[in-house]
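A lone chain, given as structure tokens: the form predicted alone.
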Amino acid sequence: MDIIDTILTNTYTIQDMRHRMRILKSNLENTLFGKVQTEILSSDDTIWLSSLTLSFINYFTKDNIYSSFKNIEAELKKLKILIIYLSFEPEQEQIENIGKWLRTNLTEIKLFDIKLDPSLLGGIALVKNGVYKDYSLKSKIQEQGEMILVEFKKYIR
């Protein structure tokens, strides 16, 4: 059983990963040590926790929980993250669709991070391996700015 793959099954963004790691750890501490869980879980969180198999949960013991989480966090830091700049905040269904598409078409990408850039027009910008690429209409307008101005000037007279 690969712990990272299990956690990543339907976790697509870095924010979701951090959140799920926190609630998983809290839930396991509650189960193993009887600690009181102070965070109120959403229905999505409860569904996610209940989707984890018994063998996954039983992997964690009082003796290995903290070292296991340390190892998981170290492995997560090694993952390649794609940064996606959007001009709007996507809904959960859109995030899931993006995540599924990325995993199908860019197999080395396991997680992505969404950043908002309201200046983008009709498209997205991406950062992969530290390289920024702007695929928005804004960048196309900037690239063709001189030609667009020349064409507009023809009609101004």
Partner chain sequence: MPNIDFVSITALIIVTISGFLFFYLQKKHQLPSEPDSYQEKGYKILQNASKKAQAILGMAELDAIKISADTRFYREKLAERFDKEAEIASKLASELIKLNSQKTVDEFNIYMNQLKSDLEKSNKDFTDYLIYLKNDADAQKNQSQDAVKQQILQIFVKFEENLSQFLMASEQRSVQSIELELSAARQLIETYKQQQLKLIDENVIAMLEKTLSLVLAKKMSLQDQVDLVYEALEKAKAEKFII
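Just so it is clear, the model here is predicted, and its values are computed rather than measured. Residue numbers count along the first chain shown, from 1.
Just so it is clear, the following notes concern the form predicted in complex with the partner chain, a form of the same protein that is not shown.
Asker: Taking any heavy atom pair closer than or equal to 4.5 Å as contact, tell me whether residue 72 reaches the partner chain in the predicted complex.
Answerer: The answer is no: residue 72 has no heavy atom within 4.5 Å of the partner chain.
Asker: Look up in the predicted complex whether residue 9 has a non-hydrogen atom within 4.5 angstroms of the partner chain, and give yes or no.
Answerer: Although the partner chain is absent here, residue 9 would stay clear of it in the predicted complex, with no heavy atoms inside 4.5 Å.
Asker: So, residue 101 and the partner chain: in the predicted complex, are they within 4.5 Å at any heavy atom pair?
Answerer: Looking in the predicted complex, residue contacts with the partner chain include residue 101, since a heavy atom lies within 4.5 Å.
Asker: With a cut-off of 4.5 Å between heavy atoms, is residue 131 one of the residues that contacts the partner chain in the predicted complex?
Answerer: Close contact exists here: in the predicted complex, residue 131 approaches the partner chain to within 4.5 Å, heavy atoms only.
Asker: Give me the residue from 55, 30, 92, 107 that has a heavy atom within 4.5 Å of the partner chain in the predicted complex.
Answerer: It is 107.
Asker: Among the candidate stretches 45-53, 62-70, 114-122, 22-30, which one is within 4.5 Å of the partner chain in the predicted complex when only heavy atoms are counted?
Answerer: Going through the listed ranges, the match is 114-122.
Asker: Taking heavy atoms and a 4.5 Å limit, what residues of 124-142 are near the partner chain in the predicted complex?
Answerer: Result: 124, 126, 128, 131, 133, 135, 137, 138, 140, 141, 142.
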